[in-house]
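One chain comes next, on its own, written out as structure tokens in the form predicted on its own.
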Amino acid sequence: MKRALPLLLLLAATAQAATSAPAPYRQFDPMEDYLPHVKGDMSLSGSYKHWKDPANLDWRMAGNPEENWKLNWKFMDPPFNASVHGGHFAADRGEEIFHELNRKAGRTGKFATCLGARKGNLKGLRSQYPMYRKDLRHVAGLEEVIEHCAAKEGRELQNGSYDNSAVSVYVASQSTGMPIKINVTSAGPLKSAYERGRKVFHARAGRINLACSSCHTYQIGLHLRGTVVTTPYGDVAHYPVYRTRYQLQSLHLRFIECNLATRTQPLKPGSQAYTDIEVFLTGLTNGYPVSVPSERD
């Protein structure tokens, strides 16, 4: 026993040293203090005045390659593009799946209730996501919750899949015109996620050492690989979005696309880091109306 004691002390000291080891070095862009409301863009890019009113956009700017970024691409979304596009077909598919799950024998209405709908009414639900879920014990985006609730009904709707995003489009479409409203200023899980997301947004990573903010804060209005970088404010209100190049794209799939473009290892849809960035960007979208289904190139 006397011989074992020094060994136990050594192991304990080694474990303590391992747990107290410094975190790996990370480089960050200068940490901006963003206003968690869409009007915060007035001091960031100055473009907010051009796109704050979705019903009164200047179409002349949309046709000018040097100015259309000031519309934050919102001129691409309905009702400005009145033609039927893939986002509408996705909403139809999502509605079909939603009702299949929500009318399951013996469990009528359970799917909608699991999503957070009150008395089966989906109106306004999208404007409240991401939210803290007691059953999941963490903050979750709508697509993660759709996967979770569908599994309860015996169906696999993997986060990031077309059918999962289609259900999300349908659910979100019931809140079109309603402003995003999540509370990221009061102490709690959402504020913590917002602050983590803000930090990740500024964290440099990948082979070319870029952060989200490297482009979407410090390069707004400048050309990047044939496109012009837009503000991070207001964008979340349009997801999932129909991309004419990539079909249906959830916000987390968009994060994956950005990671791949900057040669950074992407994460799994629904991962905490992606959800934290989603909360951060949704906070920057507070006050802007949901516009789904939407379309972009």
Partner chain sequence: MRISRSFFCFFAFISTAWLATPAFSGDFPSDFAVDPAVVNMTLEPKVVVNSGKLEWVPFSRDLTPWVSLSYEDKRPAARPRQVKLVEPLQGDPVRGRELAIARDKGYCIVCHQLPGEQWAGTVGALLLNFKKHNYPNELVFQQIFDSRVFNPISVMPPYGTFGILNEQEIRDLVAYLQSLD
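Residue numbers count along the first chain shown, from 1. What you see is a predicted model, and the numbers here were worked out from it, not measured in a lab.
In what follows, reference is made to the form predicted in complex with the partner chain, a form of this protein that is not presented.
Annotated contact segment (heavy atom within 4.5 Å of the partner chain in the predicted bound form): 243-251, selected among 39-47, 243-251, 52-60, 230-238. Taking Thr113, Gln128, Gln174, Gln158 one by one, only a single residue has any non-hydrogen atom within 4.5 Å of the partner chain in the predicted bound form, and it is Gln158. Among Leu136, Leu224, Val84, Ala151, the residue placing a heavy atom within 4.5 Å of the partner chain in the predicted bound form is Leu224. Contact check for Asn64: no non-hydrogen atom falls within 4.5 Å of the partner chain in the predicted bound form. Contact between Glu95 and the partner chain in the predicted bound form is not found at the 4.5 Å heavy atom cutoff.
Contact between Leu210 and the partner chain in the predicted bound form is found at the 4.5 Å heavy atom cutoff. The partner chain is not drawn, but in the predicted bound form it has a heavy atom within 4.5 Å of Ile277. Relative to the partner chain in the predicted bound form, residues Gly124, Lys181 and Asn183 are all farther than 4.5 Å at every heavy atom. Taking a 4.5 Å heavy atom cutoff to the partner chain in the predicted bound form, none of the residues in 104-120 make contact.
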